Every structure is written in structure tokens, then in C-alpha cells.
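Take a look at this single chain in C-alpha cells; it is the form predicted on its own.
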Amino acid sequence: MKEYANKYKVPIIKDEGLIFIRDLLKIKRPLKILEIGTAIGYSAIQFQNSCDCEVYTIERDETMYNEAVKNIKLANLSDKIHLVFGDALDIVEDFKDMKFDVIFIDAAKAQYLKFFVLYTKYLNDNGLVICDNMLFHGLVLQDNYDELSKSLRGLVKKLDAFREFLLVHSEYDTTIYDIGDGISVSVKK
């Protein structure tokens, strides 16, 4: 799967970030994880193998969704990983009767705040929200965004605003780790 991701430029979690999250999952021992942003199913498979939990994962890109279906089937995890096709911003009500121990956000970076607000109502007390790419290649903590393209500048500003939102949120204790491309871990109080 890593070869496929590299060949077709599919962003998957960096090794050091994955190791960190797998260690967290081994400690937390979640029964149910929600992943927003499946891509080819790489992290969902890794998470399920870490803690033998149920994983619900959302993907909006049909090509990625089909590749994820194939990879999850090859891993013999179709009964443990539930792949949902759709835009996470549009299908939030599909999860209204569920509760999750961990929510992992690794999708459209400019939408992280919306994903957080929409889906944390389905998070159990003491649950974790983990977000990847929080430092976005070091650009989020950069002092000056003037040299970035307009679209990249907008994305980085949204990620920075989301980072600030997490750090001051009264219902969560958040730490941002300089691991991989930056990982935030927010614990629901």
C-alpha cells in the first residue's frame, strides 16, 4: 500500500506519526474509531490491527474509496472496518446513533474545524480526537505567509486558526506534537 501511495501520490500518514498513534491506541484501547479521510485504507487497517477495534471510515473520492475497499478486503478486515462513501460534511447524520472512543481527522485540511464541530458530539467522555498534518510541512508555525500562493496561504491560515481553537477549547485538553507532519491529541474532559 505504501508503494501504491508513493506511485500515485496519495497522502498517507508518515511512519513516525503512525507509530505514535498506534501507541496511543494500545494505551486507550478503543472499541470504536471514526476516521474522516480514508484515502486507500492504510491508516484504518493499521489502527484496527493495533487495537482490534471497529473502525468506521469516510471517503468522498470514488477512486480512493474503491482502492480502500480492495485493500480492506485483502487485509481480511471487511467485518471490522466499515467504509462509508460520501462527503463527511454531508453525511454526519448517518452517525447519529453511534458513539466513538477515538475520532481521527485526516481529510480536507481547510475543513478540520467543521469536522471537529460536527463529529465531536459523537465522542464518548474521555475520548480522543487526533488530527494529522497540524503543522503542515512546518508552514503553520511560520511567521510570514506572504511567499505562499493564495490558496496555500488560505489553507495554512485555516489550520493555524484550528490549532488555536483546539488549544483554548474549554471542553478539551489538547497537545500538539511535532511528530510526522504534526499531530494534535485532544482529550475530551
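The structure presented is a predicted model; accordingly, all values stated were derived computationally and were not measured. Note that residue numbering follows the sequence shown and begins at 1.
Separately, the form predicted in complex with a small molecule exists; it is not shown, and the next lines address it.
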Heavy atoms, 4.5 Å, the small molecule in the predicted bound form: which of 123 to 131, 153 to 161, 36 to 44, 22 to 30 makes the cut? Say which one. 36 to 44
Please run the contact check for Ala108 against the small molecule in the predicted bound form: heavy atoms, 4.5 angstroms, yes or no? yes
Is Phe100 close to the small molecule in the predicted bound form, meaning a heavy atom pair under 4.5 Å apart or at it? no
Hey, in the predicted bound form, is Met64 touching the small molecule, heavy atoms inside 4.5 Å? yes
Would Ile176 show up as a contact with the small molecule in the predicted bound form if we use heavy atoms at 4.5 Å? no
From the list Val55, Ala68, Leu135, Ile58, which entry has a heavy atom within 4.5 Å of the small molecule in the predicted bound form? Ile58
Within 4.5 Å of the small molecule in the predicted bound form, all of Ala88, Phe104 and Phe115 (non-hydrogen atom): yes
